[in-house]
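Given next, in structure tokens, is a single chain: the form predicted on its own.
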Amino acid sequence: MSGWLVIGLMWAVTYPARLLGLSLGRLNLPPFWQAFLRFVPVSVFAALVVPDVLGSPEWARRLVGAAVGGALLWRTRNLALGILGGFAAYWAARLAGL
């Protein structure tokens, strides 16, 4: 299969889904769907992070880092501070032998 054919097939699959998402921006959704869609990024992020944290042999260190990073992000709303605090907590737990 040629590279151009693969690119064309990928475009054919992804373009309609993106077009549908862009066209939803003009719709007035009912409050239920607005509240439902507000939690989609949080649930996707949790689905990506939780298996990586708890499925690792060093899950205790990662759990400490994720908890500290999440708490900092929640309280300060500063993404950089949450990431740096989470890494600092992870390395502190690693140095402490946890």
Partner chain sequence: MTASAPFWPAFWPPFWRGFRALLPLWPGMVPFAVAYAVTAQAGGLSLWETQLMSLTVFAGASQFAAAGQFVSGGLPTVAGALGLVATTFLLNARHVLYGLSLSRSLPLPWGQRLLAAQFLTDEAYGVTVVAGPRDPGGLSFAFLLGAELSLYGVWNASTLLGSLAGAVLPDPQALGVGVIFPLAFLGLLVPLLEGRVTLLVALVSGLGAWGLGRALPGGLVILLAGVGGAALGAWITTRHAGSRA
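Positions refer to the first chain, counted from 1. We call the rigid core the largest set of C-alpha positions that still match within 1.5 Å between the two forms. What you see is a predicted model; the values in this text were computed from it and never measured.
The protein also exists as the form predicted together with the partner chain; that form is not presented, and the subsequent description refers to it.
Using a 4.5 angstroms limit between non-hydrogen atoms, Ala60 is distant from the partner chain in the predicted complex. Although the partner is absent here, Val6 is a contact residue: one of its heavy atoms lies within 4.5 angstroms of the partner chain in the predicted complex. Using a 4.5 Å cut-off on any heavy atom, the residues of 44 to 75 that reach the partner chain in the predicted complex are, in sequence order, Val44, Phe45, Ala46, Ala47, Leu48, Val49, Val50, Pro51, Asp52, Val53, Leu54, Gly55, Arg62, Gly65, Ala66, Gly69, Gly70, Leu73, Trp74.
Annotation: Cα of Leu84 displaced by less than 2 Å between this form and the one not shown, core superposition. Residue displacement note: Trp74 has its CA displaced by under 2 Å between this form and the one not shown (rigid core superposed). Residue displacement note: Phe36 has its CA displaced by at least 2 Å between this form and the one not shown (rigid core superposed).
The Cα-Cα distance between Arg18 and Pro51 is shortened by 3 Å or more in the predicted complex relative to the form shown here.
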